[in-house]
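Next up, structure tokens for two forms of one chain, structure 1 and then structure 2.
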Structure 1
Amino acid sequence: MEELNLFIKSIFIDNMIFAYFLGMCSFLAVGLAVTFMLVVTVPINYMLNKYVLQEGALTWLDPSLAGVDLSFLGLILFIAVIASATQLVEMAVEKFSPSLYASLGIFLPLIAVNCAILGAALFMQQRDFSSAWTATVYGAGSGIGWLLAIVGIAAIREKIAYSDIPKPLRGVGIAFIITGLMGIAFMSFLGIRLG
């Protein structure tokens, strides 16, 4: 039940885009790849944090390492995991789907620097989840929430393509206004009590 609450909360209440405004650059450009990267990297970073970085985490190697605290390396190692996973995905997409690789262009490597993915890893560390499964559920929920935001903005932009928008607001200007309004709408989910 805890995982289901976390899943729903990470989609609607703690939405990466509408609650924290993380991942805005790719919010306007890339789709499923960020969701996939959240599902893959959050549990890997959880295990890295739990079994390597936290104080006393290295006792599985040797009990004399109980006092070692490598948490200061967290940010650097989380970024390394995200960049490595992105590189592996990029190589796999290039090998197995050259047309998709060509259509994604520069946006695929930019996923490595997406702040929503790093934000999820840092939130995972801050919230101190109880297991890798809980971290995976959080990553999946965050990814689905991010995807929901992408689909929502795409649908709205499709509708306003034929609207009479003032010239200075066309393009990114109206996208930011819509994102702000959608963020306010998602804030209404804060009043929902789960479990």
Structure 2
Amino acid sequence: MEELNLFIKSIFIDNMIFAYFLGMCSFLAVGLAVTFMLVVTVPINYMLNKYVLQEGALTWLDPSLAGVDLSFLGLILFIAVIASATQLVEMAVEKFSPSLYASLGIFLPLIAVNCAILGAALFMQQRDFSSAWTATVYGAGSGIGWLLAIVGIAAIREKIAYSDIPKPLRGVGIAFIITGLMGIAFMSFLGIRLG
């Protein structure tokens, strides 16, 4: 009787997908990789921006350079930092977890063109943070937020595979609408302020 109970329970109640969301570790892994990349690249880009690119940033090198404004080079430097950091992460994952590397496949190098990472660098430049530490915290926070959202969306998509959706809406269409609704849900956090 005990076993039957367990059997039924594991089929319907503790369902691997519905209750535990297993098989989503690759989403988690991508999320962690993105968080890591943000934590690494945002402070580096912050330093670059503060000591190389901004108008008058080069005065530490020579006072006569005070009028030099290299900020138009920002995009190309940021993307170079991000691309090389991605390469590093890729090599690390390949060395320490070949199975994960195999399952991530093409998605890992594509982190280099993940807009979240370049976006964080650009927002960092725009918001003018006071120190490299603030920039790091901003990177970490954005990464974890991204992770939460991607896991949430993946979870809902797994469930939606069993729902009856109008044919033309199946696949991407419904995914967009779900993501939009989740975005609205996340907006309920607007205005929260600690301390």
Partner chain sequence: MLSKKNKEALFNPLSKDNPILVQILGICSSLAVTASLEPAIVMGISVIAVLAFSNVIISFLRKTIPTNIRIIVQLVVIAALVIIVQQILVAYNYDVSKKLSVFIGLIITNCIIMGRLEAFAMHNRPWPSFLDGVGNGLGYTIILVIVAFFRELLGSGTLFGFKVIPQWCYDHGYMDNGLMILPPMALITLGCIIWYHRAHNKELQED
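Structure 1 provides the reference sequence; residues are numbered from 1 along it. Here the rigid core means the biggest group of C-alpha atoms that line up within 1.5 Å when the two forms are laid on top of each other. A quick note: this is a predicted structure, and the numbers were derived from the prediction, not measured.
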| property | result |
| --- | --- |
| Which of the two shown structures is the form predicted on its own | 1 |
| Rigid-core frame, C-alpha of Arg127, shift of 2 angstroms or more between structures 1 and 2 | no |
| Rigid core fit between structures 1 and 2: Cα deviation of Ile160 in angstrom | 2.8 |
